[in-house]
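Same chain, two forms, each on its own as structure tokens: structure 1, then structure 2.
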Structure 1
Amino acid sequence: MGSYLPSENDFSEQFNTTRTTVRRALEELIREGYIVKEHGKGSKVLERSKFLGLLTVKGFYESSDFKVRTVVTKEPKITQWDPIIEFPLTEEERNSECVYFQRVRYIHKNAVVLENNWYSLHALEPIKSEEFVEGSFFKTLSQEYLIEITGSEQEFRAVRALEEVAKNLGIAVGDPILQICIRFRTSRSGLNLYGNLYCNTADYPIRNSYFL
């Protein structure tokens, strides 16, 4: 913590690769908030504030201070698209049914995020939650289907919690809540994952970082 990583040249020698490739790897660490680069000095390892909840494009990840536990509250089932999705669907998606499921993310004993997810049936079969690798949908996609997340678009809004959200997150109806609408793009052509997240940011704000 507060110390510096080996230099890019050191890494490229050590792993028999080029600086370009090392830099690509470091960019990932930067985006996830683990390091910052300092021109002329090196890559500094950051202290992780213990009250921070974190979001990456691939979902949530754990800081060293807490683990995110996920509970599936609605099993994946085939249904119609929900107009709450903020992104325009492709024609193939509109003409297909979709798979919908719902999860709640916990930190310690606290429900922090209620997450709705959809994807188009034309691009990917339904996956039961029992089949989730280590309980993770994204890990399942990666390991069982060789599908990777290639990017995402997110819309942030502050809204008042409605009944369902309030109940799941243990807050009052009308409390301010952070709504994040996400479209994940994937390495499988035609497959997008849509998410609608309600985050109780009172204790765990959502963090994003960006470099270059």
Structure 2
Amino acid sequence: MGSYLPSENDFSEQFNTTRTTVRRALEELIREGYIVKEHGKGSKVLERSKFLGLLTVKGFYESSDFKVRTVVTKEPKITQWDPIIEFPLTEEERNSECVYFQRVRYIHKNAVVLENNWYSLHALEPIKSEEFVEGSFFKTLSQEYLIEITGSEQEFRAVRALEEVAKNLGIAVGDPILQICIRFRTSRSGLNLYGNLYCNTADYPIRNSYFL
């Protein structure tokens, strides 16, 4: 950390590519917080704090700086839509039942995120948690169903932990937490993934990134 990268010309020669390609790659590293440009000196590598990349279209595992363990606390089941979902459902979704499941994310022994998930039964059948590829729902969609996440919308609130949330996160009822309501768009027509996340961010800040 704190060292300087080779010049754009040096990178171009080393990797046999154009300066335009090198410049675009460096600009993305700047946006991601890996480097900073210093006038007259070049691109400096930054020391980065660790983050939870909860909101990226890459998914939790691919974007988090931590080794994360996921426990499915409620198995996927067919049910009715929950009114706590903040985003308006499509007509097809309203006329269909949904698949619901719940997970808790751990870093070491610390529960950091309680995540409720829904998607429309008309767009995708229930997938058992034991069938998740490497424990990842996103990886399962990509590798087994050829469904990719194409974007997302979020709403954020500071709330007090209710009893179920507090129990799952190992905190006291009434403790302040971050609630994130999220809708992921996918490459399959009619399939949106809805999430309601409760995050204990006291020790683990969240990064928001959208680079595919």
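Numbers follow structure 1, counted from its first residue as 1. In this text, all values refer to a predicted model and were calculated from it rather than measured experimentally. Think of the rigid core as the biggest set of C-alphas that the two forms share within 1.5 Å after superposition.
Looking at the condition given, the form predicted on its own, one finds it describes the source of structure 2 alone.
When the rigid core is held fixed, the Cα atom of residue 188 travels less than 2 angstroms between the two structures. Here residue 197 does not count as shifted, since its C-alpha moves by less than 2 Å between the two structures after the core is aligned. The rigid core superposition between the two structures gives a CA shift for residue 10 of 8.3 Å.
The rigid core superposition between the two structures gives a CA shift for residue 22 of 7.9 Å.
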